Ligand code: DGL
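Below sits a lone chain in structure tokens, taken as the form predicted alone.
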């Protein structure tokens, strides 16, 4: 039995590592669409079509529950997929919900009026597509008032990570943080709104300074998934664990091994 984890490339491995640590008895089938990465520079229709195809492949392999471990896919495709209707017994969850819950200190199903929260000035670092969607701001506005969110589209970071060029990725992080600070000099918190970005969390923290709380999604998603599976144990599915990619399986396996620091073998999707 396996839960599906989907990402446009290798960034979702940060989520996979967190959920495997939190849920060691649960099996996961990871799907990385590396042939079409990065999603962050694609338009919403393209992201939706690619995400839908990938999720359907995971459903076909027995994953009743699929986690979109990709902020761009969560922003551009999740609501549209849910509104268009899902097959009976299938579910798709994104990575926004746990982060919104953490920021607002309220459960997703809490439909009480928006209220003030402690964090008033929040920096959002995300892909151009996620920033353009304004999905994070929209969901936050339903639940909190008085929060100033300044979004910074971080072009190039995902490409550099996928290529293994961490020196370039660090330079881009510093550049994007500088650009954000010109718009919001003193953020209280910073959201790493792409699952690739936790791989550069130290660089973000160093560029932002010790007084800024950097929020990464992986651990929050892991806790949220653990709670969900307690409430929905029937969503474990019937698929087998493993790693799938639309890219070059050997190359992707090598990059994944560098990220996870353990042997990982991807198969062609």
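Please read all numbers here as calculations on a predicted model, not as lab measurements. Numbering follows the first chain given and starts at 1.
Omitted here: the form predicted together with the ligand. The next part is about that form.
Stretch-level contact analysis of 203-211, 35-43, 235-243, 220-228 against the ligand in the predicted bound form, using heavy atoms and a 4.5 Å limit, identifies 35-43.
The closest heavy atom approach of residue 190 to the ligand in the predicted bound form falls outside 4.5 Å.
The ligand is not drawn, but in the predicted bound form it has no heavy atom within 4.5 Å of residue 123. Among residues of the shown chain, residue 76 is not one whose heavy atoms approach the ligand to within 4.5 Å in the predicted bound form.
In the predicted bound form, residue 173 stays away from the ligand, with no heavy atom inside 4.5 Å. Along 144-168, a single residue, 158, places a heavy atom within 4.5 Å of the ligand in the predicted bound form.
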